[in-house]
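Below sits a lone chain in structure tokens, taken as the form predicted alone.
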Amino acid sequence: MILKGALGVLLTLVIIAAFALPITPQPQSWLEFPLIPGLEEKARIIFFHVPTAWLSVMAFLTSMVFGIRYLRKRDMLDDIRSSSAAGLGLLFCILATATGAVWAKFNWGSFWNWDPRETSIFVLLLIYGAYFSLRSAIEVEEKRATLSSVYSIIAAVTVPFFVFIMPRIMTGLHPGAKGDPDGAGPVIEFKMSPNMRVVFFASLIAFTLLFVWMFTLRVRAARLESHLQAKG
């Protein structure tokens, strides 16, 4: 209850601040965001797009951790946790793709441009889509858990490359790509005003709490489903 209450309050404040505070060329108070050249009003997407991408990485790595634990202990609960984290990672990866596509439409003229970062997140969607295809194709519980754990480890190894490395070593449209005259972009180099940083980090915390809450609920639901199937 405490987690849900804190999450609700924090998310509400983040949403209000992200959309209600005006963006002006010369802010006169702390309740005004400065204009970021090239982004203008579209800079608001940072408060939502980046946290969803962050949760994708965190969820995929969480899936790997519990995959390793399953291979060591052979506890089916760890398999449930690993698959639950992977499912949430796929969900937030889709949300990151969708929010990024909306931003691309208004900044680059089309929803999809096969920019290196767009390509890398598309590959991650394929990798983890294949993870769930693998799970659905294996009926034996122990074999499914073992192969899924091995797959989650191999898949997670690719995540840092596709998220952090590939988009920065290739020329692209996304901020932070190779050759970007502004450097690594406003988020990586923290080229944001203090009030934008407060809202941004508050959003990161809120989305992280959202992941913890959703992960807990998903594991509980999966355990209940497993018990019902065992009794049936």
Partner chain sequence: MEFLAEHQLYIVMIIVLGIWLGLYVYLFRLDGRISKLEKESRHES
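Numbering follows the first chain given and starts at 1. Note that this is a predicted model, so its numbers are computed, not measured.
Absent from the display: the form predicted together with its partner chain. The rest refers to it.
**Student:** Just give me the single entry in 49, 44, 174, 69 that has a non-hydrogen atom within 4.5 angstroms of its partner chain in the predicted complex.
**Tutor:** It is 44.
**Student:** Every residue in 53, 105 and 121 with a non-hydrogen atom within 4.5 Å of its partner chain in the predicted complex?
**Tutor:** Zero of three within 4.5 Å in the predicted complex.
**Student:** Does residue 12 reach its partner chain in the predicted complex, with heavy atoms at most 4.5 Å apart?
**Tutor:** Result yes; residue 12 sits at the interface with its partner chain in the predicted complex.
**Student:** Is residue 212 a contact residue for its partner chain in the predicted complex, using a 4.5 Å heavy atom cut-off?
**Tutor:** No, no contact at 4.5 Å.
**Student:** Could you run down 7-26 and flag each residue that has a heavy atom within 4.5 Å of its partner chain in the predicted complex?
**Tutor:** Result: 7, 8, 11, 12, 15, 16, 19, 20.
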